[in-house]
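Here's a solo chain for you in structure tokens, the form predicted alone.
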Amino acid sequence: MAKEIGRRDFVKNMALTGAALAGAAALGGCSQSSASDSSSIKWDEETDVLVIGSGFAGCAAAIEAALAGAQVKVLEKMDITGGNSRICGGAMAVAESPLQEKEGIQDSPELLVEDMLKAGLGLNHVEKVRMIAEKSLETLQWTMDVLKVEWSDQMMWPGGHSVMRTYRAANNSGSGILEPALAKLKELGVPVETNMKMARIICDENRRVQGVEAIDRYKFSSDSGSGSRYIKARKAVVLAGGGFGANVALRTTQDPRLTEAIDCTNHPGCTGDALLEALKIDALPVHLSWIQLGPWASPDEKGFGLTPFFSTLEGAQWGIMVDPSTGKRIINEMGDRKQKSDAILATGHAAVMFVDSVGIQTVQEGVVDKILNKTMWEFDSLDELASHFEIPADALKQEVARYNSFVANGEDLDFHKQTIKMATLIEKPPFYAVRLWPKVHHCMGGVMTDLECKVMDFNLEIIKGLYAAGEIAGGTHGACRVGSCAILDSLVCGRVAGQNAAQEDAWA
């Protein structure tokens, strides 16, 4: 049995607003209103393990629980399965992988842990990070052997990683992982019911989770109560409902800067409903105020859009990002998301990222055609580029010359860009440029879980029969999640949650 995170270590690492703690405590727990009428509930259906959410974490939990012999059911509140998992870029960090061995790249789980702790400003729950890193290669193999996921034979290098270690789905989309997972659930006979929103977690007098009340989003009537169903979980409930980035009211309680004026890359259902229900039964919130912004997003399109498929990797590696008011670089383009977001926000306006005709050739096929003259512009000279974005032309050309000297000498004296030795000179027109402005992307905060993914309460005790995995579980990423670590986190912890949930003793 995995060792739980010690209370002292947890308290030392936890960065949580007092307001969030007080607010959650005021909601009351299982031992109060939610349990008072549990004995009178008439269950409409039963299963062993009930999973809330059908993204990576939910699918992984459901698959493992089913493979362990449990009867499993998945509830998804939206019309379409998968949530953010379906629309993400399909990238997963893996240490000591076959592709790294092929390329001669030296890596280790320990180095991945170091990178995650550095980006997280040391606020990460270290034992959880270590578990995820150590299970990365095993999880990659699981996706291939069990899910039959097709991965590209070319790795990626997202910002924040000290070495290249990121796999990406062959179709460059999270759907390349999600669809095989959903197909596996179908093969195992696990039902995935859409448009069913969890409205309440139900506990008994001993504060053990018994099941949930769920409502059909299209049939529910508050007047008659119709459309509401009570589903009993004989073994456990697994929460995999994602974050709350699309809930402006909730995110501004944690970070008042993130108003509706800041766009969001998440799907519209990413509103934290499952998280709020968990807080009502005294689940301990962790790091709720750490909300990540995606610095690779464009203000010239809504939501996640297509620009990140250029700027997050190819633009960052082969190009530079400058402040248009000065023409100067403002950050290591291969830095982590918090570093880059903070640098852009500090200027008060969108940054400009650009590559030349050599760098543009590295961009994924079809991306440039889709964004050219929409969020990306083509210029025959740096003077034209400077004029379009109102950048001081002489300053810009001096900055490009300085950067090119770093490329030639293999050392970035200004920002220590990791990939400078792999970079090429920015000199051959045409030049391709985009504007970048951060958007809400990922919530590092959620409920506290131990190494078995069991949810913990305000006394740092286990809430029996309740597990959580994925973005709804807090603590892993600290102040900032490194790119491509979310899928790894979701799959690792989803599997752990499902395996352990299936072993719970069924209650009478």
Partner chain sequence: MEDKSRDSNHRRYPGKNRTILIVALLAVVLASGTALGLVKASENPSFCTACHIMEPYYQSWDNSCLLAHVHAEEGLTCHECHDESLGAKAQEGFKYVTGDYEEPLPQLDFSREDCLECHTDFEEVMVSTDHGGGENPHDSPHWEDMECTMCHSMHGQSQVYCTQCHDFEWAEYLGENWNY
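Numbering follows the first chain given and starts at 1. Since we're looking at a predicted model, the values are computed, not measured.
Here the subject shifts to the form predicted together with its partner chain, a form of this protein not shown in this document.
- Using a 4.5 Å heavy atom cutoff, none of 325, 405 and 412 lies near its partner chain in the predicted complex.
- Of the candidate stretches 315 to 323, 121 to 129, 396 to 404, 170 to 178, only 170 to 178 has residues whose heavy atoms lie within 4.5 Å of its partner chain in the predicted complex.
- A heavy atom within 4.5 Å of its partner chain in the predicted complex is found for one listed residue only; from 151, 304, 290, 431, this is 304.
- The partner is absent here, but in the predicted complex a heavy atom of 80, alone among 80, 422, 346, 188, sits within 4.5 Å of its partner chain.
- Taking non-hydrogen atoms only, residue 87 approaches its partner chain to within 4.5 angstroms in the predicted complex.
- Remark: residue 374 counts among the residues lining its partner chain in the predicted complex, judged by a heavy atom distance of 4.5 Å or less.
- Contact annotation: residue 378 falls outside 4.5 Å of its partner chain in the predicted complex, judged by heavy atom distances.
- For residue 300, a non-hydrogen atom is located within 4.5 Å of its partner chain in the predicted complex, even though that partner is not displayed.
- Taking a 4.5 Å heavy atom cutoff to its partner chain in the predicted complex, the one contacting residue in 351 to 372 is 370.
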